[in-house]
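What follows is a pair of forms of the same protein chain, given separately as structure tokens and numbered structure 1 and structure 2.
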Structure 1
């Protein structure tokens, strides 16, 4: 002990070199060293503690901003993202995969409405696969052979029901030239709800017959999880498909705005981000959120003008063919001319500018895509934190899975459909819709009676009876 208290002893010199006062007890240094080197030390942020209490503290701390960031100066916070040596490599991978996806989407859009629908169905299948796998347990699955097929049975039953309801008019218009096929398809559409119901009941009975003792909780959990997945996947995709057949414009613009907002938020946050936005997504910053909102709203106004120039994008599709479209663009896509102010016109070669009326609607879509739709991403982030996963899958390099890319698109697709049906599409019944309903609902004699009555009504009108 006397040797340890000697000011020139090796142990006291070591304390002095480490910044401790000369009279610091040796045990304090040892305790600190043990704490720093202990695998469950609070200073080791990359290690998950083993005890339940320590794990709870570790999870609470992992959701917070590190103390060093809170106490650091502004320059350290500003360079928080730039300091990550892997950030540029991640950005390069993300950019390359985004370009590949962008090229593929442009090619599918060029092919037409039917191919875009097929792309949506493919994305649905990938999303369902990722979400089905999320709560899968290998040990229980081995004791339940064929149980996974039940999930897909419900999935394809839901697909038949949803798309049968949405695309029945397009399907009838496609086969109207052949009388036999027309009657067959009309009958299937008429009894489509009954067919889907009994397919679902068959799956329900299948589930009951596969229940096993000591597996009830897992099986009922999977049953509930499957139905939640069907609601999440088919709610947004059904609205997306409805938007596609109203015109590719109404699918492409909302989807592109989400992508623009995502890219703008990434780069604004990457270079200027310093103020954390929300704890659910520690890398999201206020600078990225605000910068992306401004950029997306301006881009929506300009991009709508570009897309509105092409009839291929603006014409609705009334059938399931893939031919080229020609139609009256309608008042939304006819340019309106506005004179420039005198002080601008004196310096500009243009005296007026042309604006499509649809560009004013694009403002609303852009505002929603940049302010409200990102909360779909925050919801997905919280969901992934609850299950302690980084991504839903690894199908897209640098992006995760398809579900990771569709989180904001789900919110946007529903809003776009509601906005279109409320402010864009007129709810008047067309002649084609009425004739189709008559041909499917009335028999031959009833149609002749209707024809005779319509003739009487028109004759009275011509004679001035009405």
Structure 2
């Protein structure tokens, strides 16, 4: 397809120099049209089998192709018409990469918490790379050597800060056997905030020292963009990691629900889709949306039951080891038995059903996944339309970049973390439990410190007359 346009024509060269994505505009459009026009993308809630000409008008996510390219691509129309055959090929590519991703995820889950964490970090790096690249303009970049390095400096600082905070308890527990490393690690943790702050300030001063005369606006724009990217990427991944160490269940269930919602919405849209949902994504329909909500909530209930029976998934990981886990999963995962009403019991082999209390929580997760999480997808669509980009990247064949896959997951991960911290963890506090916790996890000196501080606080409270 690329051979149809003269690559060296001044217009194409100019477009390329303006920092368009690495593929030439035409080939990228072709590839993406092939991807977008095939009927089985799970994102298409409402698949309209379209005539070849309609396909031209029908852009999958956005209509951001700039007019210069549009005008010059008469020859492309011919290519699109011939692209019908390619839709099966693209569907095949997409299915293949989906299966690979699924298989990889299962494998990682089997391997354990530490490996899942590594996978999350890997995905983060890819996402950050895609997003850093996105709004850079090649022309300015050439005049600012070392500016890209600054992005990665901030990335590294953010990673140190975020994972230092989330995993400090686990880290301390891992090294508690060795006195020397224990002292080193606790010292590092104590000064973690200072270290990260100084790294950040170093980056900040570096940024100021590299400000070049005519490029202030570009550089400041990039600085703000870097911050936004890092916040978006690290908030969700840090919460994901916190969820993982709380128990793989709390990572797996939300992620599965999002995938389930996508797939269900696609099928409901495919069969029943009529009324458009939102202008941002013209192919989503109300039927798909509602059907998917119902399906997701029900499957949340069932998934939670299935997943909740494995200790590997429900036990929290207290340190950074990789071995098998045994624990008392807590009252949430202990099955409760409800007798079935007699009219069902008469013709079914089971007399009672067992429900894990966690399944009721799964309802809320499912509801959120189907109603609110799609807004993450809308946000990404709107963003791409606003800045006239087709995809965030092209790392995954058939799916675009990592950010395209993760946009709903991000919103869900944050919600899951907050839900867990507010409603699930810390449900069962009692004096005995805390005493037990104190004697288990604190050393003698620390217990005395706790005693003294608690005494101070209680004395303050009891003095009254505030």
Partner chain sequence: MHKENTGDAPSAPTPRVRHHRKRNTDVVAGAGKPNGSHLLVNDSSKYKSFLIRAYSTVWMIGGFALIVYLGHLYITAMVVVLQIFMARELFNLLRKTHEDKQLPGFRLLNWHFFFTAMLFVYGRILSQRLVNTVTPDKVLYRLVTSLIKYHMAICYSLYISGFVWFILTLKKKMYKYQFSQYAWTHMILIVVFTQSSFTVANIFEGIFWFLLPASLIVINDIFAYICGFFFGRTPLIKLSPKKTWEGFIGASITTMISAFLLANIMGRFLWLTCPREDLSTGWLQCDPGPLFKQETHALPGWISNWFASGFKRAFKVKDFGDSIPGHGGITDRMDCQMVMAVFAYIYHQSFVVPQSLSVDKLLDQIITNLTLEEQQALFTKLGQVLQEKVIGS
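All values derive from a computational prediction rather than experimental measurement. Take the two forms, superpose them, and find the largest set of C-alpha atoms that agree within 1.5 Å; that set is the rigid core. Residue numbers count along the first chain shown, from 1.
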> So which is it, 1 or 2, that shows the form predicted alone?
Replying inline: 1
> Is it true that residue 165 shifts between structure 1 and structure 2 by 2 Å or more at the Cα, once the core is aligned?
Replying inline: no
>> Does residue 95 shift between structure 1 and structure 2 by 2 angstroms or more at the C-alpha, the core having been superposed?
In response: yes
